[in-house]
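Okay, so here's just one chain, in structure tokens, the form predicted on its own.
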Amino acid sequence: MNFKKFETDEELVGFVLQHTDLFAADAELVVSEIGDGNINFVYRVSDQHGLSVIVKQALPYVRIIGEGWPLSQDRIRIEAEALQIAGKYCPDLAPEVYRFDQQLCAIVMEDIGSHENLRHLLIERRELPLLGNHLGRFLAQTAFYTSDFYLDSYEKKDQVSGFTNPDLCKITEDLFFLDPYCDHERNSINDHIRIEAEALWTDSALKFEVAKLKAKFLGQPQALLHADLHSGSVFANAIGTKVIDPEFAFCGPIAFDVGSIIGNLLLNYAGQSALEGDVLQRSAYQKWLLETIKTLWATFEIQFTTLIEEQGCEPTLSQTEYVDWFMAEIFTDSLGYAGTEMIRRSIGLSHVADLESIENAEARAGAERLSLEVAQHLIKYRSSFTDMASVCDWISSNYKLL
């Protein structure tokens, strides 16, 4: 492959004009680098009338590290195809892909600038009335249409092969299931919670449950996952939601995606205990977060089971008893994966602004401690919960501001 990084604005403009017909012949195109991604380069190309597209290019290494951390560029092909699949089944919830260029390892896609980064919106305590429904629908539709419930055996195995993503899966395997459970050099730990981190490293019951979750991540290709579904990969506004950046996509356990986004909502719940602002507003927002989690799960569960009933193509798996068992397994494991997301964001390598924006280290430690306590309970005792209402009731009863 004759790869070449975009070096000038002219090269980017030429690429966009070659692969889209969105701009007028007299358009004056301007290039700006956007985003704070650790791995790729992302640009906005816009004209004088406000029309714009996004260009994302993958280099053969991690952007913030350089050539010392090589990374397969096949990830950009995987991202483009995952976006196209999401766009096929829930077009309102994913950006449109206009063109993927294999040689340049670049995507031209819809600019979703009318939406804002969900993580920032959560920190600002913006209530989004459709968020839970949209995320639940995205999870249900992308999971069902890429699962054994819908695909025939040959299609499913082709999909598993086509989305083999070893480099990025290895990153997840380490950051989710290894580093936070030992004194690893990649971890970043607030000195005020060092004692809690060390206690976690010696909790054999916790690490046993994490091992079970990791084993499913490694060997349970139920559906095509986004596999990096955190609140920074979601953009939203009052009426819409867009899910972006599925470069970690691979075929894995459905509960991993469900749990990852729930874990991010709970990370914000923890952050609200110490973020700036009126205590009444922060308490009210915590209640809204829990209601959103309940809506997300209810929407996912109803839509997924309805799709099986109406469009399921595998009679053995469509039995009512099996579907009930399957959904119960997803629910339980989603709680566990939510916990692993919360722990890795609290004491692992990659922290989140929901906690990091709390400037006072001691106050931040209180929020991090809350995150760790909730996470460990969800992992170790996930089988004790029967529904999402009981999960949210337990959290609100034990960890509330008022």
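Numbering starts at 1 and follows the sequence shown. All figures in this text were calculated on a predicted structure; none of them were measured in a lab.
In what follows, reference is made to the form predicted in complex with another copy of the chain, a form of this protein that is not presented.
Looking at 116 to 124, 160 to 168, 92 to 100, 257 to 265, the stretch with residues near another copy of the chain in the model of the complex, meaning non-hydrogen atoms within 4.5 angstroms, turns out to be 160 to 168. In the model of the complex, no heavy atom of residue 110 sits within 4.5 Å of another copy of the chain.
Not displayed here, another copy of the chain is approached by residue 221 to within 4.5 Å at the level of heavy atoms in the model of the complex. Another copy of the chain is not drawn, but in the model of the complex it has no heavy atom within 4.5 Å of residue 276.
Another copy of the chain in the model of the complex comes within 4.5 Å of a heavy atom belonging to residue 177.
Site annotation in the model of the complex: the residue of 185, 321, 310, 191 reaching within 4.5 Å of another copy of the chain with a heavy atom is 321.
The partner is absent here, but in the model of the complex a heavy atom of 148, alone among 81, 74, 148, 196, sits within 4.5 Å of another copy of the chain. Looking at 300 to 325, the residues that come within 4.5 Å of another copy of the chain in the model of the complex, counting any heavy atom, are 314, 315, 316, 317, 319, 321, 322, 325.
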